[in-house]
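In structure tokens, the next block holds one chain alone, the form predicted alone.
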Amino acid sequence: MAARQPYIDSDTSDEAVRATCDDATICKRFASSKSYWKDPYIQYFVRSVGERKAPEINRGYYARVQGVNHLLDAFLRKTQCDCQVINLGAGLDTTFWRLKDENLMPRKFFEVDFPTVVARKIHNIKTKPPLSKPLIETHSTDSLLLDAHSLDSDRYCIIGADLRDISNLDEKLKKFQLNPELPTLLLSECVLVYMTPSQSSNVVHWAAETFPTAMFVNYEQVNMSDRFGQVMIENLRRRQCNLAGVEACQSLDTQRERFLKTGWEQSDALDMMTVYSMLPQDDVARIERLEFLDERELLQQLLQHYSICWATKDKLKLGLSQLAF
């Protein structure tokens, strides 16, 4: 018989999920300060580098950032940037600014997160010229559409919405010129796992129904039924953070099936240890020289408990199924 799950108040749980946004940003800020990758914009969301993070955490974030960017950039090149990107649960992510610097901007870049997270991000954008200037440079009129929980420009839009309320999400995105006929990449990083299986299935199904030509990239936990996975779950639960969707994280197969059951034509998944081994090895060698790693076994365990799953639909026959590592 399954162990009874301790009850966690939904408001407390939502607050704990919002706090994971800060955790990820602080970890990315530290790793980029150590030169694992370049991110000149993250400093405007997190001022101090903060306390030292363990080398295996830094390498884990390196694999996450490089792995997700690999698929995102491949999609942008395949569509020649004639597409849109929707980052679901974007937090304080800086991808839009990176893509502008690299001349890889989609036609429009959308971000969605809890309204409180979005309000913070909008405040940062408004008060930090290095963040606001790229938005203004890519906008055709003098004024941006701005309120407490949304900011809209020609090429970038951020919306406060709860992903568990699909009709509200759909309505808000369409209000800000989302075009369902454009090739669309949807991205979620450690987002679906905090929703119940039926709620995350609704998101994935809505995406399949809405966009005939699309790719969905999902980064999150995997292999969660073993001892290491159980310890991860217990650690998060102690912080009032409930992995409500953990049953989809049992294996790479369950990750793939979530997409295949909800209208996606093709789906693939790799654990992050495999992704790490497939990244450009000259750069992997460079980052491995940055810090001494005492226990490689711990890094392997960590990377084997995260995955990237991607799924495609290709009405326009662009060859999206060829995008991989």
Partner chain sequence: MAYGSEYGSEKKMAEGGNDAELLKEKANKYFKEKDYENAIKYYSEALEVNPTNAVYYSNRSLAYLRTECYGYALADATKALEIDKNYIKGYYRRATSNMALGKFKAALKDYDTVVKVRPNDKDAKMKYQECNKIVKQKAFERAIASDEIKKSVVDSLDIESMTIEDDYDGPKLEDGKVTETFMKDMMDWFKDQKKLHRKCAYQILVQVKDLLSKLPSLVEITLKETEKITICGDTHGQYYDLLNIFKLNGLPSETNPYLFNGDFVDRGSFSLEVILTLFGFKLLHPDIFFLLRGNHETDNMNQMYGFEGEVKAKYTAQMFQLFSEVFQWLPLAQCINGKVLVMHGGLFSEDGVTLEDLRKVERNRQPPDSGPMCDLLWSDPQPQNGRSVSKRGVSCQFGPDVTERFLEQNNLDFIVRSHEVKTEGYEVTHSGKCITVFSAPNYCDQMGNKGAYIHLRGSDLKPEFHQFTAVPHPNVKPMAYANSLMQMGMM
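Numbering follows the first chain given and starts at 1. Small disclaimer: the values here were computed from a predicted structure and weren't measured.
A second form of this protein, the form predicted in complex with its partner chain, is not displayed here; the remarks below concern that form.
Trainee: Heavy atoms within 4.5 Å of its partner chain in the predicted bound form: which stretch in 144-152, 163-171, 90-98, 227-235 meets that?
Mentor: Going through the listed ranges, the match is 227-235.
Trainee: Going by heavy atom distances of 4.5 angstroms or less, which of Ala208, Leu252, Cys81, Ala74 would be at the interface with its partner chain in the predicted bound form?
Mentor: Selected option: Cys81.
Trainee: Exactly one of Met273, Cys27, Leu279, Ile287 has a non-hydrogen atom within 4.5 Å of its partner chain in the predicted bound form; which residue is it?
Mentor: Of Met273, Cys27, Leu279, Ile287, the residue with a heavy atom within 4.5 Å of its partner chain in the predicted bound form is Cys27.
Trainee: Flag Arg64 as yes or no: does it have a non-hydrogen atom within 4.5 angstroms of any non-hydrogen atom of its partner chain in the predicted bound form?
Mentor: Residue-level check for Arg64: yes, a contact with its partner chain.
Trainee: May I ask you to check whether Lys38 falls inside a 4.5 Å heavy atom distance of its partner chain in the predicted bound form?
Mentor: Answer yes; at least one heavy atom of Lys38 falls within 4.5 Å of its partner chain in the predicted bound form.
Trainee: With a 4.5 Å heavy atom cut-off, would you call Glu137 a contact of its partner chain in the predicted bound form?
Mentor: Answer yes; at least one heavy atom of Glu137 falls within 4.5 Å of its partner chain in the predicted bound form.
Trainee: Find out whether any non-hydrogen atom of Arg296 is located within 4.5 angstroms of its partner chain in the predicted bound form, and reply yes or no.
Mentor: Residue-level check for Arg296: yes, a contact with its partner chain.
Trainee: Note that its partner chain is not shown here; using its position in the predicted bound form, name the residues of 54-68 with a heavy atom within 4.5 Å of it, in sequence order.
Mentor: Those in contact are Ala54, Pro55, Glu56, Ile57, Gly60, Tyr61, Arg64.
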